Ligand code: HSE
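Here we start with a single chain on its own, the form predicted on its own, put down as structure tokens.
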């Protein structure tokens, strides 16, 4: 049996739609694999009742198929499905790493990124790698059609997860098909600023880089209490706030020493909107690991 722990992730980071991603120190999925004649899946943990065990409908089934590695796969969910924290990507990344080892396929982590991304296609309809890349590589990642670049950033983060659900497909449907050139230019500037901030471990620059007026407002409209949470986080010491992935989780980067204050303020912001929420004070974290 091979066991792998894969981290939750946050994608987009405001200005990096379908490109940027970060691994989080917590929460995480744990996946165990054993050789079998055909693939079977067992799911336990947070929100497991919403995760299909049919290999044709589960991200890890797609990974097993891509690697030609049938197995009995046990997923212990620590990352809630439909959270905006890369729940499906955590399972897919862990399965890719575990099955690669189980069947001695000899692929590198970078070579496993597009394979794990095929699992994402089961959930969202397209093989996006912005979550699986940081899950497999750790740190902050920039993923394009031809390359994945990793930056070993080390910054505190706060993720606040409300007790509401936003499906990935719904969140993609509200994304505008086009945007005015001035908003595109602004987004490019924000993205460049964010990358510079990650390279320098500068929370002020990263917070400025969260600014984006094309995708984020459309997705934020799906999250009850979003504006109040953003305002509360900034007042408590956040340098920037944005939607985590497809949502409904909200991601903030706090000033150094303000992590817990920002976390408490974000929970209170959701409570004012009548929404229960849980905050995860965390950091940019490491990659999937064998357990």
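Residue numbers count along the first chain shown, from 1. Quantities reported herein were computed from a predicted structural model and do not represent experimental measurements.
Heads up, the form predicted together with L-homoserine (HSE) isn't pictured, but that's what we're talking about next.
246 is the sole member of 246, 64, 250, 238 with a non-hydrogen atom lying within 4.5 angstroms of L-homoserine (HSE) in the predicted complex. Interface residue among 100, 168, 216, 187 relative to L-homoserine (HSE) in the predicted complex, by the heavy atom within 4.5 Å criterion: 168. Proximity of residue 172 to L-homoserine (HSE) in the predicted complex: non-hydrogen atoms within 4.5 Å are present. Contact between residue 128 and L-homoserine (HSE) in the predicted complex is found at the 4.5 Å heavy atom cutoff. In the predicted complex, L-homoserine (HSE) sits beyond 4.5 Å of every heavy atom of residue 280. For the chain shown alone, residue 23 is not a contact residue for L-homoserine (HSE) in the predicted complex, no non-hydrogen atom being within 4.5 angstroms.
Contact with L-homoserine (HSE) in the predicted complex, defined as any heavy atom within 4.5 Å, is confined among 129-137, 176-184, 147-155, 197-205 to 129-137. In the predicted complex, L-homoserine (HSE) lies within 4.5 angstroms of at least one heavy atom of each of the following residues of 1-31: 11, 12, 17, 18, in sequence order.
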